[in-house]
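The chain that follows stands alone, in the form predicted on its own, written as structure tokens.
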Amino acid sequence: MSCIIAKSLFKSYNSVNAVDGIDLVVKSGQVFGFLGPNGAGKSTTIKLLTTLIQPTSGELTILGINAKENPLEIRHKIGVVLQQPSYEPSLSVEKSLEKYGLMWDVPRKIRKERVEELLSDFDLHDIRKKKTDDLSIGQRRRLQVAREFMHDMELLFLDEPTIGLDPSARRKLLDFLKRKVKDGLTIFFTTHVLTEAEYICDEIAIINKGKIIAVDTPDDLKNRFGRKKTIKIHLSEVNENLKNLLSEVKDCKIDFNSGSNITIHSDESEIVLLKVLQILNSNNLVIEDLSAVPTNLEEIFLKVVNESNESNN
């Protein structure tokens, strides 16, 4: 089942298409990553999907509901955490959670139970009496995300949810979200931290200049766009003639970091490595260390966006 279906979705401002005819399908029960450079159209897309703004044209269905005709019905079934900080300065952490439960008409008994659960899940228990105005940026962000779980929802939009979090808090939050997805929640997730996307997302869409330019699983994106590998070789001794020796090797880029260290980038890494090893061996150059690093999601992202920019120029 699909919980988000967008067809030829446009949003225009003064004849400029911030969202330029995107088609998007998000299946239920997964974390769907939505990546793109600044100004790519991510925030506008999220505002459309959360019914905060109406599209200029196109069709949009959220949780089986027509977004143009019944936006309020959708809002009762979703949760939204935007990039902008949102907190009540005079309220304590626990009172802020309590208030959010009241806003969503959560029964008192369930409300109390959820407050205690979320204080524990988000490591907020020790600061439960602290006013939100006195919290650190990371603590406020954790509270902002925690509040959404005071109410029942089918779909959660998280726009850069880990801003301000230290590595430990970031990993705890991502693991918490993974558990919720296993329980049936669907999460629409944006981030500029590509290692996060690789860790948590089941599927990823990349948007640039208002258009979706790639949609796939992280592994399949790597298979499609990430043939290039980085090979690092450290020789046991310096050889000043190294650059000349390897000048005949084609289909690669070689960085000569020093007379004893080289880094090779190639789409044909196995063939290139074999040629390099043959040359080094025939010249009696001893390898002390060798490593091959596959292309990561960040490199894929940069490659796809750069190719999109070049094709539009």
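If you're wondering where the values come from, they're calculated on a predicted model, not measured in any experiment. Numbering starts at 1 and runs along the sequence shown.
Omitted here: the form predicted in complex with a small molecule. The next part is about that form.
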> Counting only non-hydrogen atoms, which stretch in 275 to 283, 65 to 73, 34 to 42, 261 to 269 is within 4.5 Å of the small molecule in the model of the complex?
Replying inline: 34 to 42
>> I'd like to know if T230 sits close to the small molecule in the model of the complex, meaning any non-hydrogen atom pair within 4.5 angstroms.
In response: no
>> Under a 4.5 Å heavy atom criterion, is A18 part of the interface with the small molecule in the model of the complex?
In response: yes
>> Within 4.5 Å, heavy atoms only: does S92 come near the small molecule in the model of the complex?
In response: no
> Any of the heavy atoms of Q83 lying within 4.5 Å of the small molecule in the model of the complex?
Replying inline: yes
